[in-house]
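Okay, here we've got a single chain as C-alpha cells, the form predicted alone, with questions on binding and movement later.
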C-alpha cells in the first residue's frame, strides 16, 4: 500500500487545529495553483495539497484517517491489540480491516472519495475507485457576480485536460464554492468520476470594494456639493443612478443605495471632499475671500477637549 501522510504534505503536526489546516491549505493552494505558479511540479503539488485538505477539513474523515495513519505507522500495535481496536481485531484480517477503514473514509460501493489516489491498495485485480476531485480558484469580476453569467475555463491536471463551461449564479459572493458533479478526474475501473469545486474570488475592481454582499464606492465631491446638497450621478454595478447628497455633509459620510449590492446586499457611497486646485490669481482670490467670509476653525473642538 502506498500511503500519503497528509500532515507532512501540508507541513503541519497531527495536532494542528482545523483553522490551521484551512489557513495552510489556502497558502499552499495559492503557491502551487497552475495558473500562477512558476514551480516545475506545481500541478502535482496543487493536487496533493487539495487531496490532503479534502480529508483533513472534515472532522469525521480526519478521525478515520488518523486511525489509518496510526495503523500504517504501527501495524503491529493493531494486530496485537485484539478486540481493543474494532477495525483491526482478531475477528477480521488486517487487510480486511484496512479496506473497511478506507471505505468509511472515502465512501462505499467502490468509491473511495476524492483522495483515493493516495491509497493504491491492490488485492487480486484491485478495486474500483472514485476519481480525484479538482479544486480551482475562479476569479470573476464584480459585474459578473452582480448579474451572473457564463465562463469557459481550461483545466489541465494529470487526469484532466479539457475546457468546461461554468454558470456563475447571480449575486454570488466571495468564497462561495460551486460544485460541478462528475467533471473531475475519471475513476478507476467502474468508479465514478470526481467533482470539480470552484471557489469564487473577486478580481480587483477600479471603483468598488466588496464586503460579503455589500459594496462600497468612494465618491469625490466638491466642498459646495457637500455643503449645499446636490443630486449627482453615481455608478453602480447595474448602471448609473442619481444620488441626493444631503446639505451639510462632511468628508467620509456614508450614504446607502439599498439593494444595489450583490444579491440582497446594498451599495454604500462614501463621500470624499476634493478641493479645486489653485491655477490662477483669481482662484487664489476666491479662496482668500472664503477665508475672510467664514470665521471658522475646524480644530476648535479639539482645543476644547484639552
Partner chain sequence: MSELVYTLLEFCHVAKIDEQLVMEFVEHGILEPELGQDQWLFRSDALSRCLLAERMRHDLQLDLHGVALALQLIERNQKLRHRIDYLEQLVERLRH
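Positions refer to the first chain, counted from 1. Only a predicted model underlies this, so the values are computations on that prediction, with no experimental measurement involved. Definition used throughout: the rigid core is the maximal C-alpha set that superposes within 1.5 Å between two forms.
One more form of this protein exists, namely the form predicted together with its partner chain; it is left out here, but the text below deals with it.
Using a 4.5 Å heavy atom cutoff, 133, 166 and 210 all lie near its partner chain in the model of the complex. In terms of contact with its partner chain in the model of the complex, the residue from 227, 178, 232, 72 that brings a heavy atom within 4.5 Å is 178.
Only one of the listed residues (29, 68, 245, 237) places a non-hydrogen atom within 4.5 angstroms of its partner chain in the model of the complex, and that residue is 29. Judged by heavy atoms within 4.5 Å of its partner chain in the model of the complex, the contact stretch among the candidates 58-66, 270-278, 255-263, 237-245 is 270-278.
Residue 154 falls outside the set of residues with a heavy atom inside 4.5 Å of its partner chain in the model of the complex. Contact check for residue 216: a heavy atom falls within 4.5 Å of its partner chain in the model of the complex.
In the model of the complex, its partner chain sits within 4.5 Å of a heavy atom belonging to residue 197. With a 4.5 Å cutoff on heavy atoms, residue 35 counts as touching its partner chain in the model of the complex. Put the two forms on the same core and the Cα of residue 38 is off by 2 Å or more between the shown form and the other one.
Core-superposed comparison between the shown form and the other one: CA of residue 288 displaced by less than 2 Å.
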